[in-house]
Each structure stands twice: as structure tokens, then as C-alpha cells.
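So here's one chain in two forms, each on its own in C-alpha cells, numbered structure 1 and structure 2.
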Structure 1
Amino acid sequence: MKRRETDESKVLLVTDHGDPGFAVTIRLWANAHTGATHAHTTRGHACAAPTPKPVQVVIAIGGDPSTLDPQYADDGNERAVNDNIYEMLLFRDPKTMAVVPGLAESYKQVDATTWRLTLRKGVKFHNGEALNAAAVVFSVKRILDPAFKSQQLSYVEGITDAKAVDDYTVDIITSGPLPILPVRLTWLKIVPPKYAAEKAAEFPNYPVGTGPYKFVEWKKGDHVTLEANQAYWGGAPKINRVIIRPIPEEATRLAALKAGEVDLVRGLIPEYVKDVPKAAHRPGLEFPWIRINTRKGKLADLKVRQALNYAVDKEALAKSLYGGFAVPADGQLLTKGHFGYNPEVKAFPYDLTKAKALLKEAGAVGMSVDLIGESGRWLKDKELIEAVAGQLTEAGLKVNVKIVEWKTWLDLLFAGAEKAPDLQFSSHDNELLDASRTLSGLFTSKGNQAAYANPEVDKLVETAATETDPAKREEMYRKAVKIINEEAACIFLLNLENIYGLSKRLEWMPRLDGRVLVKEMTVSQ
């Protein structure tokens, strides 16, 4: 059942902030079929036509959405609901992850800081408002307004304004050249201007979008109900009704699936895969990693950092802790699906002898290092930290593991390079699928999480951010990725998979970007 899919297409990862440990990603189908993709398409087609009676699907998520305002919170539970109600100007193709038209039919760059989008005509919000340039302008201004206090600003960084050219043409203005703009527009959800402005107090609780599903009710803490938007511009979805239920306890989520109360469970833990009616999994975007304070004492020595990487047996961790639903990271914190992934860079092999020799050469045998970690935020984080500490100890270091409370962990992460602990465990997921988010934040001297600095990397990342030729831009990121790997700037650990549990009747190929889009599902009777 756990046959590994060789599908190349890659995936996004969603972190459920309200629900520690339920960061999820995806891989392919599981149980019954082997030719997964094909089995899915043929079956989906066969059952589409002869089911005239209403079809309802129940989806279990890890926690209650914090809000149903699509532009406010950074919350995976909110997205699980709103991805079905709201839409963006650009989408990502479910299989290839390529940026494709969404509410905008086309886009082009008109000058260094202006992008012109042509909107799809005849699209209406669920309340009848028209989707037009004014709606886009309103949505952009709304999320950028400091008084609105959106938690999603880092996803739309670089966008400064929007202007209507005519009813269906809109210009997006950026602070400088921003080649990543189309990617940012796959994130930004468009809201109905009249309703959002006039009923601002109700808006977070009664969402109105352009998407395939209309909001029906939200009983907080218990469920959100959606129903099919028969007038959806992309064609009415096959499933008529969707109930999304927060079930915070993972064992209960599994039980609900087994009892037939829910059809889809997000964030299944590896141990449960054998118990579910059907499972779907795919390589994800979640990369547990350990930051090294590269300026501190012996850790400034490349040999020591290399030793740390050689000392960790990634394969063993993936197997023993994650039941094989993880792979060693390819010596970078990016998947093949990320723009900027370097196919030449490989994981440090596990080589204890080499690690010991390197430590000896550096005169660091028996060196004492602090390893800061947290618990419960990510899947098996504490277990992973302890296992890695054990392996480092075996290589000849004295590792002091300190598991701290989340707030303390955050304070240490952002303490700046001088005060950064020797080693700090973290987990990175770059949902924008563009290397810039990973590299600039984690490995440049300006990066808020960085404890590593290298002028060459700085320059590459900075230049790439405004480089409009995609090929050149990609080359720069690849180069930076290579340097970071050669410098062993961190301990590269694993790349986790997203696992879903499905009911027998639900037919769905999990999307590569972790979005749970009910319009892509079908139900067989």
C-alpha cells in the first residue's frame, strides 16, 4: 500500500497554525490501485453522470477556522474552508503546479513595476456583485491597509497598489521589479467590495466569494456548511453539499473516518495509514531542519558543520519515525516543484566515520552544543529532535537538548544571529513554491530567521529578486542553493509527506499544493 509514487509533480504544504503537528502535505493515492492517476480519472468520469440525488461530503480538519475572512489570518484551517468559497486572480494547475489563469484570463508585465491583468467576464460573487476591476482594486488595497492588520502581508510583499484601467482590466503596481508577482497572485483572494466594506463586522463570519461553493452556516467549533454554487463560472461542482468539521484530536478524526461520519481527514499520522478505508499521500513541502549559528565558536568551522550533516542518518529517521512517509531532504529546503530547486545538489550521506574524523580534525570532539527545540507544533518534532541529538552524540558531541515553550522558541528564533542558540530545530514550508521565500528568510544576512551570512549568497538572492528573466533568476537561486549546501549552512533533515485518509466512496487526487478543493472531488455510490 505504501508503494512510492514516482510522479514528479510536487506539492504544497499547509501549516495549521491552530493545530500543532498537523502540517500536512501530499502524495499519491494508495490502497487499491497501482496506476493511481489513471484509475482516478477513469473512475471519476464513470460516476459523474448517473447521480442526480444530492451528494454530501464531510471533511475533518484539525481545528476551528480562526476567521472566515480570507485576507486576514495565516491559518490553514481557515484556508481549508475559504479555498472553496473564494478565488484568486491566478490559480495553480492541480497536476503541474504551473501558474494558470484564474479570475484573470491573462496577465503581462507592462513596465518594471506594473503588471496588467485582464479579468474573466461575467463572473459574479455569491451575493450578485460583479467581479470587476473595482473588486480587484478593493481587495488589493484592503489586504495592504496597515489598519486592517492582515497576517498575510508576507505573502503579498512587494505589491504596493492596484489601479483599474477599465471595467475588466486592472494594473497591479509593485515597489520594484517583482518577477514573483504571478506567484503572489495565486495567494491573494478577491473579496466583494460592496459587502466587505458595508458589512465589515459581519464579513469575517459570513463569507461571500466567487468560488464553486457558497457559504451556508458556521456553527463555531462544530461545523461549517457550504453548498454548490450552481452559477459557478467553471461549471457547477458535482458535490452539492460540503460540511467541514474541526476535530482537534487525531484519534477521533480517525474514528470518525472509520465510522463513516467523515469522508476526508487531513493530517493523518503515519501510524494510522493502515487503519483507514483509503489513504492518499504525496511528497510535501514540510522540511524539518536545524539552524546552525554559523558565527559561534567552533560552529564557524565548515568541518564541524559538515560533520553535523554526515552524522545524521536521515534514511533511518524517515523510516523509524515517519513510517516511510518522509524522505531525506535533497541537501536543500526545496522540493523539485519549487522554482530554484537545484537538481545537482544532493543530501549529505550518512557517514559516521567521516563525521568523527571531521570533528577530530576541527578539534571539536566532545564539544558541547545546545539544541533548542519545541514540542507539538509539527509532526513528531520532539521525537525527531531527540533522535538527531542521539546521533550527534554518537558522532562525539555533547548535545544539550532544550525543549522550550512556543513563545520562547519564537523569541530565540528571531533573536538575531548574535544571540541565536548553537542549534535550533525548526520546520520550513515554502508555500509560494518560489525559492526566494526560503533563501532570503533563512540564509541571507537580512533574513529574519538566519544565523548564516555569506556576501555571495546575499548578492545572488538580492539580484534574483528583481531579475525579470526567469532563466537567469532560476540560475541565481540554484547557485545560492549550491553554496548553502557546500557551506553546510544548516543541518538538512527530511522532507515530510502529506497524508490524507479517505472514505471508500470519495474519489480525489490530493492537489500538489495542499489545497483541499471540493470541486475536484467526486463521490462514487
Structure 2
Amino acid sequence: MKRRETDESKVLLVTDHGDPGFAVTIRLWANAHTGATHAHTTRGHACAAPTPKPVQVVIAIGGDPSTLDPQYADDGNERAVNDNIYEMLLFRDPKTMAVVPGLAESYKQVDATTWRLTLRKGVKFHNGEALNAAAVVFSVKRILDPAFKSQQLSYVEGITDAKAVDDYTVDIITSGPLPILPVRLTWLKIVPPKYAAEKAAEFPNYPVGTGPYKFVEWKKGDHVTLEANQAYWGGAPKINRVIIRPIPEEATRLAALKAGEVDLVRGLIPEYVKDVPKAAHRPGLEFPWIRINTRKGKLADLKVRQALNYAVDKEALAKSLYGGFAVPADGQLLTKGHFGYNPEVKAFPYDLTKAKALLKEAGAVGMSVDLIGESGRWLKDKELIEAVAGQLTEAGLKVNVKIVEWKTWLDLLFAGAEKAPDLQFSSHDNELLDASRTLSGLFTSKGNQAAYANPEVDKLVETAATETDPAKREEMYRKAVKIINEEAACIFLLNLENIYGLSKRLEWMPRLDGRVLVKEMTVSQ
């Protein structure tokens, strides 16, 4: 028998190595940092019948979260954890993706720049703070604060303020007409004001939300543990405990799934579909692309950027790397499901001869460029980076591939155009299903990921954001998409399907927006 007493909880944890004569009990403990109460399982000899074993699932993700602050990083690994802890004012229906009530029961537009929301009563954060108008106001002001430097600003663009009307009514203020405000509110997570303000240094490591799962611990590089919020306003979830493990290597994730160590693997590579107990996939919103610093040296030359696009054989990449679970992007980082998708814009065809000729005309043959990438965050990211680098090399460039750590990669992505590398691999996933976030964040001069600028694109995107006529608004986005394509503002690559590997006991239907919500899962015992 092993015993250990944690310094933080002062709770004695006991394990029995599987002795069938022991019964499972649940012992509550308080997190010293958050004040939230959690449950741990212990065992001891019991006269009564054994308590049913708690239901646990283990989820494998591609890397460790950069933070557990839900308003700071634009990081899919963070979202995989925090989507289960925190909630938004409005949700999306898992089947239709329609906007539905969340922490707000209802909403309406009061005037051109004001939307009024009525909050659910009786909802509490995991540490006991009340979900009220003050919490919403604090959350909005926090993410918008320039000193906070949130990487998520493109998701909340157009929102300028929030004001409490009464304890459970709040007004969201916008800079002008903002027709997609309800969509933006499906992203903005609400945080507990007292804890986030008074424990600012601890908050990124000890999250507290209103969601169906409570945070227990984060052992960086190894796992995050969550436990069911039995007092959840939407009803206690069926799965009691969640372990989220960062496993960067695809083969290691597969081995863990086959060995029964994990129940769900995100980003399953196509070759492994036949080897897993169960697989689930559906068309996704993920667009691998390569950002070009168009303000730097030879890359400012349109001919060079066109050459980069003609040099990449996207059909071959989709087939060889993704086995039919990807298609070439349509010369834009949008799908037909996005508002603003331009059906007239097509992918750059593969034309190595033309690529070489354009580089020669631009005097760029043999030019050295740095291609910054990372490994493990997205499906076959490193392999894709290396394959693209090989094709660019064949066209006549000298490509220096640099695979960096996740935090370094994020810092470079948001460092601004002046500090942006020549080329940086990324993958864009626009869950808002509206072109505004993609275009404003990636291709306007003020975009927090942009290394390209065109005054006409800036004007189109800025004007469209406040246009209340849907037809006019969509036409503006389509014009912007066409200009971005014609100027070869990036290397357009692929659109991926989301592929998941599941254990035999796990039942779950993937969502179009890619969110992994454990409350939507069930486990057969």
C-alpha cells in the first residue's frame, strides 16, 4: 500500500494495487489556490457493498497548453482543456452549429451599438463566486485591455465595452454596428473577477470557471486533471474524471490508444485509421498555411510570392500525407461553410516551370529564406513543413527549416510584422464561421498575426465588419479574399478533415467547430 500527503490539499491518498477487498470512496479537498472543492478517490476496507467505480476518460492532445488562462493565448491545446472548465455567454448547437443560449438566457439588440443580454440566475464559478453582470463586465474589459495583450483580439473585434444594467442584465457595447456579435460571444469565456484580479499570478495555472468540469491539477508536460462539477447548472456530467495528456508524437498517441491508456486521440493520422478500435472524422475548419512576410526583402516582390504558391504541389501533399482526408485549399483560408467564402477564387495550380521562371525574373534564384515551424500541434505538421520546404528548394530557393518550441513559435506569430520571420507555418481554424476573424487577424495591417498589408483590404474588412446588409457585407469580404489571393499574400496549402481515434468504450460525435467537450461524451462500462 502506498500513501502520500499533498502539501496543497493535506489529504492522504491511498492506493491498494488492485486489492479486490477494498472499496472505493470519495474524499473532498480544497484547492489552496482557487478555493474550489474537488474529489479524489481513495480505497479502504468496507463492510458495505463496493461503490461503483468512477468513470474516467483520458484524452491525448498534441502538446502541453501554453497557459490555462482562457482569455490570453490563441492555442488549441489550451482550448482542449479550458473548453471544459469555462463557458461563454452563448453556445453553438453541437449538430447544427446554430447560436443558442449559454450563460445568457436571451439577448437582443437595443440600438446600433448596444446588445443586451439576460444572464442565468444561480450559476456559480467553481470557487463560489457568482456569475453575474459584474463578472461579464470584468471579463470583457480584461480581454480588451491593451496591457493584457490578448492573442484572441481578432475573436472579439468590434467589442469596445460592457456595462451592467442590473445584477443579471448586461449591455455589450460595440464600436459600430456589429451584426456578428452573437457569433463573437460564442468565443469569449467568462472568468471570475475577484479571483482573476486578486490572484493574477496564479490564475494562468489554476483555472476556475462555471463549466461542467473543475480543475484539479496541471503537471506540466505530463497531464491536466479535471473532475466533474456535480453542481453544474446544466446537470452533472456522466464522466466523473478527465485526464488530458500532451503526447506530441503521432505514433506514441496511437500506441497509447491501442494499449488502452487513452480513450480519445485528436489529430489521428490517416494511416492509423485502420489500426484504432474506433475512428471518427468529419470535414473540418483547419487550414495549414504559410505566412509570408511581404514587407521583407525579395518577399515583397509579387513574382516571388506567386512562385512560392506555384512551386507547392498541393494535390500531392493531400494524397501522400493525408490519404484523402485533406483537399487543396481554394486559394483562401475559408470553406464553403464560412460567410464570405469566394466561390470564384481557385487554388494556385502546381506549375514548377512557372515557379522557376518567376524566381528568375525576380532575381531570386538561390535566395535563402527561413521557414519557422513547430511539431506536434497539428496533424502531420512537421512532415508537411518539410515536404513544402523540399518543393520550394526544387523551385530554386534555399530553405532553412527551423522547428522551434511551441512558446517560441507563438511569440513569433504574434510579434508583429517587423519581427516576423520570412516564412512561418501555421494552421488557421476559424470557429466563428465568418470571414471577419480570418481576414482581420491574418491579412489586415492591424491584424495580430499579419505580415501583409493592403489599404484596400483594410478598408473592405473594416467596413464589412459594421455593414448590416448581409449581401453587401459578404460582397466586401469576397473582394478582399480575391485581392489577397491575387497578391499571393501567403502560401495557401490545404483544408483538413478532423480525424479522431476512440477507445471501444467511448461514444462521441465530433463537432464541426473542433471543440472537444467531455460533457457530450458517454462511456460504456
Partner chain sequence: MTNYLIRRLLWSVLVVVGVSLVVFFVTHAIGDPVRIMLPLEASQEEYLTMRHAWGFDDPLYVQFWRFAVKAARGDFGDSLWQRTPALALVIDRLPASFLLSFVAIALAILSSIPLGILASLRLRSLLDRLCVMGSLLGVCIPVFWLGIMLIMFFAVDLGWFYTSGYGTWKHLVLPAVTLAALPMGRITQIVRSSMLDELHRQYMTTARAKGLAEGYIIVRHALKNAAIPIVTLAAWELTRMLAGYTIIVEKVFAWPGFGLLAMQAIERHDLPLIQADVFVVALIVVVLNIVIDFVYAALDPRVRFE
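Worth saying up front: this structure is predicted, and the values here are computed from it rather than measured. Residue numbering: structure 1 sequence, from 1. Just so we're on the same page, rigid core means the largest C-alpha set that superposes within 1.5 Å between forms.
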*1 or 2: which is the form predicted in complex with the partner chain?*
1
*asked:* Rigid core aligned, does the Cα position of Lys407 differ by 2 Å or more between the two structures?
replied: yes
*Comparing between the two structures on the rigid core, is the C-alpha shift at Thr438 2 Å or larger?*
yes
*Should the larger rigid part be superposed on its C-alpha atoms, how many degrees would the smaller part be seen to turn between the two structures?*
32
*Taking the rigid core as the frame of reference, how far in Å is the Cα of Leu352 displaced between the two structures?*
14.8
_When the rigid core is overlaid, by how much has the CA of Asn342 moved between the two structures, in Å to one decimal?_
7.6
